[in-house]
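Taken one at a time, structure 1 and structure 2 that follow are two forms of one protein chain, written as structure tokens.
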Structure 1
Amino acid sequence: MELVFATNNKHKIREISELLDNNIRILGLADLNITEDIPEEADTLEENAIFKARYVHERTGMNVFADDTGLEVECLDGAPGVYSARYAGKSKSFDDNIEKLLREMQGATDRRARFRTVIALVLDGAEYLFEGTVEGEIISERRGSGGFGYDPVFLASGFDKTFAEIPLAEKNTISHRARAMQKLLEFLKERANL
């Protein structure tokens, strides 16, 4: 089976390809010569993921999935959420986003937060959603140099190291994205056995 992952992120494509059996081949947007940025302008992760998957399905007719992720902070009523990538502004860096987050949370005692990934799949014309979350908290100073995004300030529950301090391979076993991917894979494997 060939399945499109509606992303240009080579790391994400490699990550999921490694988890898959040989009978499913993952293609990225670059393999389909889709070079434009697919808009992510909806107000929920679900809508963004579905929009991206449909966008590629409508252009190619292929089976496709897309993901969208947000950091949801309890004391900020779920912000930055779907706006995580552009929290401090459209062309701002990961560091600017962390800066804004720490500013908004200054003095907060309830620092609970979760990463949430939603994957939308269009398979044989039907649509499916999968979700993966990891619970944790936002610490008040950056720690570690690995990972990306909000990793230096995110401490997963039960861990004393941030996502930027633990090895990538370990992060990839417990992360929101890994959990959502795992659900997608289980679904695909069941379908393949039908």
Structure 2
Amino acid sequence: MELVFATNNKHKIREISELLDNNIRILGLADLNITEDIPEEADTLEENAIFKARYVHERTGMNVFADDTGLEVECLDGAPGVYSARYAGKSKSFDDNIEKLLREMQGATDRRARFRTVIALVLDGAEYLFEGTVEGEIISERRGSGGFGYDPVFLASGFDKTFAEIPLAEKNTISHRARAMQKLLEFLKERANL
């Protein structure tokens, strides 16, 4: 089976590719010469994921999945949430987003947070949603050089290393994106007998 992952984010493609067996081949948007940024202007992760999947499906006719992820911080009333990628502005700079987050949380004692990923799948014209979450906390300074986004300041519950400090294979056993993707893969196995 061939699926398009509606992203140009190489980090996400690498993470997802690590989870797949040989029965599924993932194509990124660059493989299809789709280089434009697909807008993420909806008010929910679900709406953004569905919009991106539909957008690419309508242009290619192919089976597509898209994700949207938000970091939901307890003391910030769930912010940055759906605005996580553009928290510090339209430049979508990981560093700027982390700096703003740490500034906003200065002095906070409740540092609980969770990552939430929603994956939308358009398969043979029908739409499906899958969700994955991971609970944790935001630490007060960056640690680690791996991963991307908020990984250097996110410590998953029960772990003493940030997502940026643990190897990708280990991250893929617990991450929000991996959990949502696992649900998608289980669905495909049942549906398509992969």
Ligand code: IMP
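Rigid core (definition): largest C-alpha set, two forms, superposition within 1.5 Å. Bear in mind the structure is a predicted one, so any value in this text is a computation, not a measurement. Residue 1 is the first residue of structure 1, and the numbers go on in sequence order from there.
- In this comparison, the chain shown as structure 1 is the form predicted together with inosinic acid (IMP).
- Superposition of the core reveals a Cα shift of 2 Å or more for Ile13 between the two structures.
- Annotation: Cα of Met105 displaced by less than 2 Å between the two structures, core superposition.
- Annotation for Cys75: C-alpha shift under 2 angstroms between the two structures, rigid core superposed.
- Core-aligned Cα shift between the two structures at Arg59: this is 2.8 Å.
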